[in-house]
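Here we start with a single chain on its own, the form predicted on its own, put down as structure tokens.
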């Protein structure tokens, strides 16, 4: 582990900025209020100065999106070639500006540049994928025996409110914005308060493609203010939220009063099951990647390591060795594997869970400390931590920590493995490693999760899906399912009988 005092620097100028963008125009928040976001790697620096949007600002953005949709601004709803071009050009611009985007993400999140660069590339891939789908929103048509015709057409859901998280700000935003634009929706985007500049940098690039005014609007600000307006507004047809499960439940309850369409991508407590016939090296490397990517600040982090008894010692020894070799340091440094946590409050939460494990007398296999000395004193740095012999029913086994803390539990056989995997309220992702493919597939089918990886961890191809069972959410992102989340299906029925008085009319009209 290296001190981040002097080995990390960025080439972009600070502070970054994030104004409002409403109806194609940038500007300050009403009243000029601003939010200052510190650099989580060095809290002596201000990373971003963002406009702090008000309820009035949110309403103005909603109105702009509503007008753009109702007025079909720039023929946005009908011209799929325009939407296709917008998305393709966005992907191109992201790749041309990849280094700046990666630095912005690294600065605001604390994500190591080694992870921020592929994060940008993955977000560009999402825009490119949906560009290819913008002109392929096909309906259906069929004729009934009496000659009447049914046309099923797919139309954009309308004005959508998008509330995005801070942990993977570009890909999480791309997963919502790209399919919404491909479908022909208009958008009000509220980014996480920790990462407004990342969202703004992306929106700026999208605006450069010639997007009609009002189609995409950006309002940074508190969820209790801007988010509340999006949830409660009758002019917003759909809300898509990624974040904490408790907030998702509140959104679902409020949206229900308006029967507003919602999609929710929420928390997780992902199990990673390693059976006694597994490839120890491959399984251990996959586990460590899924556990500690982005300092474990991921809803799909595999923070429950379930090991069959016969392989427990060998796998845990290798996992512990790999974990101890992780370089914790400044996110801009080329050697850094794990950067700081996002905030002081998140650091406190992680330390509380570590203290819980220590107080419970669990076997501390690796880590367990807040890093101090040198540049560590100015950032939110915590060692990657592993506890062994964790009771699956304990807090460490049940609650989402959102940090680099892993709970290890053993199982005897396949039945117990599945039982433990499913014995949480979440069902976002899971992983299985066994040389017996029929068993791996059988277990994957029995785990109640939206994604189950076999022989891999945290793979997220845009062609697939992302979303969960149980309290991990409602709806799916990525792939064609992500596009359908922003579409309505309409039936248009055309009579083909030519009859003035149809037989059913006789139920009401006497001849």
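Positions refer to the first chain, counted from 1. Computed from a predicted model, the values in this text were never measured in an experiment.
Just so it is clear, the following notes concern the form predicted in complex with ligand NAD, a form of the same protein that is not shown.
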- Task: Answer yes if any heavy atom of residue 244 is within 4.5 Å of a heavy atom of ligand NAD in the predicted complex; otherwise answer no.
- Result: yes
- Message: Can you tell me if residue 214 lies within 4.5 angstroms of ligand NAD in the predicted complex, counting non-hydrogen atoms only?
- Response: no
- Does the 4.5 Å heavy atom contact test between residue 466 and ligand NAD in the predicted complex come out positive? yes
- Message: With a cut-off of 4.5 Å between heavy atoms, is residue 108 one of the residues that contacts ligand NAD in the predicted complex?
- Response: no
- Joint contact, 305, 403 and 409 to ligand NAD in the predicted complex, by non-hydrogen atom at 4.5 Å: no
- Identify, from the list 397, 227, 368, 427, the residue with a heavy atom within 4.5 Å of ligand NAD in the predicted complex. 227
- Message: Within 4.5 Å, heavy atoms only, which of 203, 113, 320, 231 is in contact with ligand NAD in the predicted complex?
- Response: 231
- Which one of these stretches, 385-393, 161-169, 98-106, 206-214, sits within 4.5 Å of ligand NAD in the predicted complex when only heavy atoms are counted? 161-169
- Task: Sequence order please: the residues of 267-295 with a heavy atom within 4.5 Å of ligand NAD in the predicted complex.
- Result: 267, 268
